[in-house]
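Only one chain is included here, represented as structure tokens and corresponding to the form predicted on its own.
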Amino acid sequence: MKNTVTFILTLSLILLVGCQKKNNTSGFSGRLGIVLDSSVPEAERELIDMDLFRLSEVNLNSASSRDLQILGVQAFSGNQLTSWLRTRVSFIVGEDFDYGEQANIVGTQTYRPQIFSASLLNEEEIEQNSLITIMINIGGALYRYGKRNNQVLTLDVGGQRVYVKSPRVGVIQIGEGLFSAWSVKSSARDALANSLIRLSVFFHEARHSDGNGDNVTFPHAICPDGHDYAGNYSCDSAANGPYVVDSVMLRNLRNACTGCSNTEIQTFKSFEADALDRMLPGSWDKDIRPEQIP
């Protein structure tokens, strides 16, 4: 699919300062125990709650052994999928959430992270007039920033002060395209197809809560010359990276779209093809185990 949609956004994390600020956030307890920050408008909170409910109802036999391997689940069921997502996503914040205002540097520490079993948001300049942000894993980005700079950060979100000591801090932010560009054209936002398509984005961002070492947060790679997104950090060098996870969800959730029109089914297939096209040649599976600092 020749579109201009991407999941990445530039962030100037260097603007963060170490002064303590008052925690003036609040949150709403959503489905699966995921907290929806007060920055998420009520109408969007209702849609997200509906999306997560629909995920909990999924029970499919369509997933291949490779699909299950990529996600690390035993079945494509609501129970397995919601557990997978909840492990990696704890908070959802709105488009207007100001991470610079709510983040604090609270100390210094040389990172010697441990690996425990269970985006990167690149700072390069990107022409925003040709890209639409769908969703962002700001928790992973803040962790990676702290690791680079030997700093310990906190983030005030959902009425809580959260220490950013692992990519699994799990804070994802809604972008301007989640309820518009990443959907079936001219269809209702609460349509089943749009709900399932949005869920693929949640899983894409959740993969950014994984990884260790150089691959912590599963950072996107620069797309090569000749690619639709050439020069942008819109591709993956991991065969189990965020865009591949995205494609797995789209391919399988399409089968849960009972009663969906041909236009809706074709939208699933187009988004899936676009996601698969982001995996670079020579990609290989990378270690999903997340790291943490004490």
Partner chain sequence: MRRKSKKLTYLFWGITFLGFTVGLGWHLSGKYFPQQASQHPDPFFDGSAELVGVVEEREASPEEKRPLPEISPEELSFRERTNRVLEDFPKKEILKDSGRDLHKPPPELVDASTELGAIEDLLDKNPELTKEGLRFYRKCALQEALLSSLRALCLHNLKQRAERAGLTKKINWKQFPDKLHRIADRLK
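Quantities reported herein were computed from a predicted structural model and do not represent experimental measurements. Positions refer to the first chain, counted from 1.
The same protein also has a form predicted in complex with the partner chain, omitted here; what follows describes it.
Screening 73, 106, 181, 191 for any heavy atom within 4.5 Å of the partner chain in the model of the complex leaves a single hit, 181. At a distance of at most 4.5 angstroms from the partner chain in the model of the complex, none of the three residues 31, 171 and 199 contributes a non-hydrogen atom.
A residue is said to contact a partner when one of its heavy atoms sits within 4.5 Å of a partner heavy atom; residue 263 meets this definition for the partner chain in the model of the complex.
Interface membership of residue 134, defined by any non-hydrogen atom within 4.5 Å of the partner chain in the model of the complex, is confirmed. For residue 204, a non-hydrogen atom is located within 4.5 Å of the partner chain in the model of the complex, even though that partner is not displayed.
Looking at residue 45, you'd find every heavy atom of it more than 4.5 angstroms from the partner chain in the model of the complex. With the partner chain omitted here, the record of contacts in the model of the complex names 181 to 189 of 93 to 101, 181 to 189, 142 to 150, 155 to 163, defined by a heavy atom within 4.5 Å. Heavy atoms closer than or equal to 4.5 Å to the partner chain in the model of the complex belong, across 262 to 277, to the residues 262, 263, 266, 267, 269, 270, 271, 272, 273, 274, 276, 277, ordered by sequence position.
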